[in-house]
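Before any questions on how it binds or moves, here is one chain, the form predicted on its own, in structure tokens.
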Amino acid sequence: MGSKTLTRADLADAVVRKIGLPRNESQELVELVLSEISVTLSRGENVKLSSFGSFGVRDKGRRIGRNPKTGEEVPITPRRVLIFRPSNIMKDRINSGLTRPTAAE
């Protein structure tokens, strides 16, 4: 698998290439979309992008964890975590054409 990371600049460049908006407008569009997603999630609402997946926030309560080095019990404070569930279409895209290496390889 490749190790390239898709960045905001890459998204803006894709908008420039595929839609033809000027670079500054493309960057602003990408920022607006990402900002809207962030604000919606921070309010605790879900974001569903058809054919891509759903983002949501889950509340995790206080619990006791364990330090793996010492074995000491440590309290873990309550927090909110971001979750992502890919759509079936996205799962199919990711898995199409993949060949898994056999034990002999």
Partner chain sequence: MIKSELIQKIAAANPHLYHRDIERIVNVIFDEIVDALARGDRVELRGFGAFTVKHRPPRQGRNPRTGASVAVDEKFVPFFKTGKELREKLNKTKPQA
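In this text, all values refer to a predicted model and were calculated from it rather than measured experimentally. Numbering follows the first chain given and starts at 1.
From this point on, the text means the form predicted together with its partner chain, which you will not see here.
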Does its partner chain come within 4.5 Å of any heavy atom of residue 78 in the predicted complex?
yes
Using a 4.5 Å heavy atom cut-off, state whether residue 48 contacts its partner chain in the predicted complex.
yes
At 4.5 Å between heavy atoms, is residue 64 in contact with its partner chain in the predicted complex?
no
Verify the contact flag for residue 42: yes if a non-hydrogen atom of it lies within 4.5 Å of a non-hydrogen atom of its partner chain in the predicted complex, no if not.
yes
Could you list the residues in 64-94 that come within 4.5 Å of its partner chain in the predicted complex, counting only heavy atoms and keeping sequence order?
78, 79, 80, 81, 82, 84, 86, 90, 91, 93, 94
